[in-house]
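What follows is one chain in structure tokens, specifically the form predicted on its own.
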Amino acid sequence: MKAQAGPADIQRVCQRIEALGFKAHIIPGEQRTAIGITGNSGPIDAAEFEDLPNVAEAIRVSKPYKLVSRETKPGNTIVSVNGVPVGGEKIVLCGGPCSVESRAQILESARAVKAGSGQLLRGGAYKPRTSPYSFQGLGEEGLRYLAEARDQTGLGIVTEAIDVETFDLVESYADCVQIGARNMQNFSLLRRAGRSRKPVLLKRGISATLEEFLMAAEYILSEGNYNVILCERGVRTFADHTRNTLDLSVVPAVQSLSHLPIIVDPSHGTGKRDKVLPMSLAAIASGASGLIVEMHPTPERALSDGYQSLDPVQFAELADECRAIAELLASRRRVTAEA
């Protein structure tokens, strides 16, 4: 749409799309609003829309992922999580334990994240584990502890929904619902997340290609939820010196193809505490919008993923160094722009 297009102009286009039997998706942008069309089996004649008032142009999207594509929305999407903008000018740090183990543990974790200048708190109340005998989370009790931590610290909550059955419950507590790597292609769960009004953090599957990753996000957007944050968390390769291979090349690749913000999980991406800091710095240098890092008050006593979790002091150091890298890069961009 043209920059001066008003609500009536946008509604008129949506009505035309629906009259043709398709679905309209209103995607606001900084300069102008785009309206995506899904449900069509083939190309639509641009003349159907170009004669409508305040339509700037009708663009055929060549990618199979229509709504996440920059062809649909050239500008970057900024997703607000409890008032924290993800995808904006400043990096976002989300920290916390792999799983909520007790009230005392998650409250101590939240205070440490806050003291370390993190803006969001992570913690799993439901944990999909490789072994059925491993700690599976506290369920709703854990969600209540997360909500209390938010009340005490003001941190937004990021927590995982592992199935459709418990999604409603997780949604009622979370500020951002995480879809984990194992569920990246759980299409019924993706569709349910698409009907949510809460932001969604979508992690890349352990063997997913870039196109598969973006198509998973497309499932969510196609249901009407455009507040999606992508997350690179490592893929499975032949390498055995780390838990996974953190694919930082996917960050600029995503940014060239999609308007959605992408953050990085260096904890699952490496699986080793001593590699989290250097890979975090590399992630920020690659252009990631933020990090989601595992931090535990006492990693050696963690019920899950303690070997890749930072302690509070290490988390604060990581936050300081990552922000220094981000500020340096921002300063260089300003100098380049002024020149």
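Keep in mind it's a predicted model, so treat the numbers as computed, not measured. We number the residues from 1 along the sequence you see.
Absent from the display: the form predicted in complex with a small molecule. The rest refers to it.
Colleague: Does residue 178 reach the small molecule in the predicted complex, with heavy atoms at most 4.5 Å apart?
Modeller: It does: once the small molecule is placed as it appears in the predicted complex, residue 178 has a heavy atom within 4.5 Å of it.
Colleague: So, residue 85 and the small molecule: in the predicted complex, are they within 4.5 Å at any heavy atom pair?
Modeller: Looking in the predicted complex, residue contacts with the small molecule do not include residue 85, since no heavy atom lies within 4.5 Å.
Colleague: Against the small molecule in the predicted complex, would residue 111 count as a contact residue? Criterion: heavy atoms within 4.5 Å.
Modeller: Taking the distances in the predicted complex, the answer for residue 111 is no, it never comes within 4.5 Å of the small molecule.
Colleague: Given that the partner is absent here, does residue 139 sit within 4.5 Å of the small molecule in the predicted complex, heavy atoms only?
Modeller: No, residue 139 is distant from the partner.
Colleague: Out of 213-221, 85-93, 103-111, 179-187, where are the residues with a heavy atom within 4.5 Å of the small molecule in the predicted complex?
Modeller: This holds for exactly one stretch, 179-187.
Colleague: Name the residue from 192, 73, 233, 150 that puts a heavy atom within 4.5 Å of the small molecule in the predicted complex.
Modeller: So the residue touching the small molecule in the predicted complex, by this definition, is 233.
Colleague: Tell me, which of 254, 120, 98, 208 has a heavy atom within 4.5 angstroms of the small molecule in the predicted complex?
Modeller: Of the candidates 254, 120, 98, 208, 98 is the one lying within 4.5 Å of the small molecule in the predicted complex.
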